[in-house]
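Only one chain is included here, represented as structure tokens and corresponding to the form predicted alone.
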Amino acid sequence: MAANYPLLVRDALVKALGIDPANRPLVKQATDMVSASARTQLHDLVVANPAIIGTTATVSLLAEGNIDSANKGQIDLTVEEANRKVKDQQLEWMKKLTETGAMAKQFNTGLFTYGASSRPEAAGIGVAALGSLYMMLIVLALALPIGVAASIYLEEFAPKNRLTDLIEVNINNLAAVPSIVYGLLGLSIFINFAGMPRSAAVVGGLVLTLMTLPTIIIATRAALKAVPPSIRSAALGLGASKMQTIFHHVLPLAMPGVLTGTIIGLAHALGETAPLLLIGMVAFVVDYPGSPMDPSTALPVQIYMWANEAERAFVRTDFGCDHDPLDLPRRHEPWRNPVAASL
């Protein structure tokens, strides 16, 4: 559990590059070429299979973010060595490792499985994707039945008076309220008043449910109005009750419009960032949430956090470009550096 795993990486690189172990500056430059996430990777490898201790294994490790960028031509290597993070000696080693096949470019599948990390090459959207999934399930479970029920009542049962007119106007106005207002509402009610956990998917789901409800209600009412009156008259004329007419005939015919409004509302909620920032979902979360009550983050918040990072590699992970986020995107392909680690 407490082994010196970076020492394994250092010894393997010293041997592969032919470096004098007593030359500490060169040894440090060599070890800096490998991501610091190698410590966790080797630790998990040994813990999962203790029988590997005492053997020699070939392990693929991520290269450090600047080395990755240099290999992909995203760092200007014509500037002076003192003004760039990749040294000339490291460039020579990169060329040597590439020629021998010890360094190769592969698609980094960890982009979809890793959690938050301060190292761009070890950062991923796995935790954020699970947090977004929890929130969307909560929104779907609450917003769809409540929105459809409210639409049916307002369209089929509610009397036409000033109260229902006021409700309709307020629903239409709520659809135009800025999303950050819903974040303030969630912060004051769900967190400060109800005492629910900060940065939890359940709070984000409740806030996004409030934001999605007006969209679903408006779309569902429009779908109900589009059903021909003759359908209602025919069902009632054949002896069906009001409830049977609505749920057996009107609602099935309006279901395509209901689903369209639901999809639009969920897509809108999935891309929201401002309300989630106010309820604390901007936290640095590394571990997967076990339930909606655990701390988590969301995909749009993760992208926002990467965009604000000072490390340029985060911007490429986020937008897939060198400078301007409006450039044509390129696939994120971090380099992996296979090294032999004697355990």
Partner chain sequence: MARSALFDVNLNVRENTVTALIGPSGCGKSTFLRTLNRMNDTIDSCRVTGKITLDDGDIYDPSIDVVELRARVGMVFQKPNPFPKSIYENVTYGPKIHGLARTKAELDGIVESSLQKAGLWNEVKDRLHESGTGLSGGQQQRLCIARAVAVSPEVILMDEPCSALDPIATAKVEELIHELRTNYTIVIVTHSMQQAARVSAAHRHVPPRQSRRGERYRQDVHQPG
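The model shown is predicted, which means the values in this text are computed figures rather than measured ones. Numbering follows the first chain given and starts at 1.
There is another form of this protein, the form predicted in complex with its partner chain, and it is not shown here; the text below is about that form.
Segments offered: 234 to 242, 259 to 267, 189 to 197, 140 to 148. Contacting its partner chain in the predicted bound form at heavy atom distances within 4.5 Å is 234 to 242. Listed residues L184, V202, L253, A175 were compared with its partner chain in the predicted bound form; L253 is the one with a heavy atom within 4.5 Å. Note on contacts: among N161, S230, T113, N170, the single residue with a heavy atom within 4.5 Å of its partner chain in the predicted bound form is S230. In the predicted bound form, its partner chain sits beyond 4.5 Å of every heavy atom of K85. Though the partner is left out of this view, K95 does not reach within 4.5 Å of its partner chain in the predicted bound form, counting heavy atoms only. The shortest heavy atom separation between K225 and its partner chain in the predicted bound form exceeds 4.5 Å. Remark: R119 does not count among the residues lining its partner chain in the predicted bound form, judged by a heavy atom distance of 4.5 Å or less.
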